[in-house]
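There is one chain below, alone, in structure tokens, taken in the form predicted on its own.
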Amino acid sequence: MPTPQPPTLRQPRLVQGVRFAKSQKRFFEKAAHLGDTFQVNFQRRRWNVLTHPDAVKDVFTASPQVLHAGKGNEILATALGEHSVLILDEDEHMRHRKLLLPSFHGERLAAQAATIQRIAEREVERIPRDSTFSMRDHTQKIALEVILEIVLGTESTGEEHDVLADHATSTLEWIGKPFRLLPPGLLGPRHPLVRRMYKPVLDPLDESLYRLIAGRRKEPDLEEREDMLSMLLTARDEQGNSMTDVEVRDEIVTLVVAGHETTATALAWAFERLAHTEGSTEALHRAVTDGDDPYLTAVSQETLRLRPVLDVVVRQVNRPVEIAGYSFEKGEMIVPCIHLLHRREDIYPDPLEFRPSRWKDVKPGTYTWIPFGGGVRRCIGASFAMAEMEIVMKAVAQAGVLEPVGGDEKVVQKFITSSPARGGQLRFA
């Protein structure tokens, strides 16, 4: 018979909320003593946290009618909008996913790689060779420029480009503050006070995006353009219907938020860990010189294992389900914890060590390596993100060997991501 409820973290709700907002990773590490499955309570609904791969498999293979990822992600609805692929469920989610998929097709990625390489090499040239720098500052600029050119299709110079860059940067910096998630988590993302709080920062970005969308629809070469915005504007679902301007806006904001912070942060962690692991930046430099692309892949995989940018995957129960020996009813939250799963010693020997060699001739497990989630909700841009990481790492490594400045960097919370406290302080040797 299923056990009624998992063990629960016994702390006041507000205390848990503050500790979660301050550092998700430390919050989950402190609660891990409760076992492979446990409850935490800092939002309107308790979270049932899962850390065993068998439970993760049950979540990722469950029917989309049983577990709702959109409802699980609804805390992001204020920023992303109601029509984001991350917020939708069931048929409407699949409709949007299918409309987005052509933008991330493998053949397109090959063409996009050249643009990413050009952007990365241009930014790497600006990195000072004789002084300390923050790697995250540069990876953020690369990630933003990739979005502006590949996603939005703007030229690298011009007023339109600069306005969008300013508004996107302001929005990302504002929502990056860790406590921005507390109000929507406690009150709900659609509460008038929460909407009022987000409105001043979202309005300028929305105005510039709607202006871009309206202008792009009038472009005579819209059908021939290869940027993601133009592809969304010309995409049609199985009934021949296109996306509305609001739907396009929400998906573009989703790509900006998800595609910018996650990639920029993952790259900062990659170089921070490489620089603090003896011989690793030299190994990266040799690998790039020798054309050893599998080593770049291994570094990306190990970075996303040890320092996953997102710590959890969230699902809301839509129909009663049994997972990990517990029965869960409609409305309950099921939360596979990426951070704790990736640090299980029974899966990864010496899990706290940064060791890219552990991936030599090893394929990541579907339910043991989940930085991009899994199942039908696996991140649609996973291949794009991995390719961008490897291209940027190659561009930096070609410029020389890096060394750390200061000790290992602590983890700080930025919106839904976990970043190096000093942004990855480095210098060229």
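In this text the structure is predicted, and so the values were computed from the model without any measurement. Each residue number is its position in the shown sequence, starting from 1.
The following text describes the form predicted together with a small molecule, which does not appear among the structures shown.
Screening 164-172, 278-286, 92-100, 240-248 for residues having heavy atoms within 4.5 Å of the small molecule in the predicted bound form returns a single hit, 92-100. Residue contact check for V376: one or more of its heavy atoms lie within 4.5 Å of the small molecule in the predicted bound form. The closest non-hydrogen atom of F27 lies beyond 4.5 Å of the small molecule in the predicted bound form. Although the partner is absent here, Y198 is not a contact residue: none of its heavy atoms lies within 4.5 angstroms of the small molecule in the predicted bound form. Although the partner is absent from this view, T263 contacts the small molecule in the predicted bound form, with a non-hydrogen atom inside 4.5 angstroms. Checking A268, V309, A120, A79 against the small molecule in the predicted bound form, a heavy atom within 4.5 Å turns up for just one residue: V309. The partner is absent here; in the predicted bound form, the one residue of Y367, F38, F372, F42 having a heavy atom within 4.5 Å of the small molecule is F372.
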